[in-house]
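Next up is one chain by itself, shown in structure tokens, the form predicted on its own.
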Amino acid sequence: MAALNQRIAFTDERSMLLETAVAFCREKSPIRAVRDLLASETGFDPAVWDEMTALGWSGIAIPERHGGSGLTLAEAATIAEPMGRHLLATPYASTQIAVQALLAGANAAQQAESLPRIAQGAIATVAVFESEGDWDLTHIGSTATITHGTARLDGQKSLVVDATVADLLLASVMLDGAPALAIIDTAALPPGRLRPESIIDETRRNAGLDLTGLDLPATALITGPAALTAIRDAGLLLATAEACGGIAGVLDVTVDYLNTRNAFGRKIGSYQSLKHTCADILVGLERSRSHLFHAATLCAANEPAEIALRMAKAESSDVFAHAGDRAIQFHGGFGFTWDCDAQLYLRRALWLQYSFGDAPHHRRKLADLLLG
């Protein structure tokens, strides 16, 4: 049961980083900018991405020898939280997940080739889900077969976030009965390999990937389970960070409306039932952030973090989805229209709720981890 005791280390460095990220996201992602990007092809502003790269955020968890800042996944999550609060649309989370996979599983040559590119602003992502919707990343239907130094891939991937704008793509495959990752330079992909997919969160861009008959050098394969474990852990931590930010953001939108809307001669925020619900959401936010910081602390210290990560993801997913739902209800009929900003947060909540596994999935896993 010692694993349940929370340990939180929030360094001065992370505090300063959070302060910078909050100011940046507030300035670069007002709600009008978020809505303008919904109709864009890429879904994000390349100029903002360039500014983030100049701040060192794309390479924040990349070692200094590869051109990065040499920090950890915990610092990457610190930046992701205010991004979730302001719905900042960038390929940041996708890129950081790919970075963790490369750090955990790639050999020295593969890291030397890919990590400096990412530190300089190249976008990366991972393709680890297939049509079956299995959240166990080791259950892979796609395959790789090596012949005379060439790896031929086969299979289909789904829900590949930021695939259409990525420079590098890591796709999970089975190689000789064991999991592996294929490092794919998207510039070399034949036309038609990426097919855009529509999802509930329209601030995201997703695509399916056709690997059938794709040939790569055998040296482009990352073998062993470590990279997939790193993808899972990074995905859970960053999704939790985004959800925590989203809870705070949708609570801001809701409270602002409750303090503006009049009904029967008084602000609707004065009604006790609405006050109590907002208070419950705030408590849920604090619980979620506590789990987030604990999991980040363990990740930064390279300590076992699976239990903490699954608990954090389950808690934050449920709270964000509930907060988004209440925000729609509290806005009344207006809440069900596209013009209501709470809609954007609810859609983000529903996307994050299932990203890398929903709460029931993680609680089943926690039952095994905690109770045997």
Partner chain sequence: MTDLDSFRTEVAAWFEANRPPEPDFLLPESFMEVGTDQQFDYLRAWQRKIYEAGYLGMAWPTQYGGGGKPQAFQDIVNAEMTRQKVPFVPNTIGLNWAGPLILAIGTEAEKQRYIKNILSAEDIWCQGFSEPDNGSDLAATTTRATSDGDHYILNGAKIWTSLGSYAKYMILLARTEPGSTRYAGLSYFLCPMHTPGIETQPIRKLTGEYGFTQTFFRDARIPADCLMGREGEGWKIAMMTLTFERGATGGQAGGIARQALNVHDVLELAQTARRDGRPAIEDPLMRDQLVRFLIEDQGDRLTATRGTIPALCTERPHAIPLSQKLRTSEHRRRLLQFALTLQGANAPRWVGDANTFEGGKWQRAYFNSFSSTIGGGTSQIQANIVAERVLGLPKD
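Residue numbers count along the first chain shown, from 1. Not measured: the values here are computed from a predicted model.
Another form, the form predicted together with the partner chain, is not on view; read the next lines as being about it.
Stretch 267 to 275 is the answer when you ask which of 95 to 103, 202 to 210, 151 to 159, 267 to 275 has residues with heavy atoms within 4.5 Å of the partner chain in the predicted complex. The partner is absent here; in the predicted complex, the one residue of A263, A187, A178, V283 having a heavy atom within 4.5 Å of the partner chain is V283.
Shown without its partner, this chain lists S290, T164, T72, Q110 as candidates; in the predicted complex, only S290 has a non-hydrogen atom within 4.5 angstroms of the partner chain. For the three marked residues, F10, S15 and V255, a heavy atom of each sits within 4.5 Å of the partner chain in the predicted complex. Taking non-hydrogen atoms only, D341 never approaches the partner chain to within 4.5 angstroms in the predicted complex. Using a 4.5 Å cutoff between non-hydrogen atoms, R232 does not count as a contact of the partner chain in the predicted complex. Proximity of Q120 to the partner chain in the predicted complex falls outside the 4.5 Å heavy atom cutoff. Within this chain, A314 lines the site of the partner chain in the predicted complex, having a heavy atom no more than 4.5 Å away.
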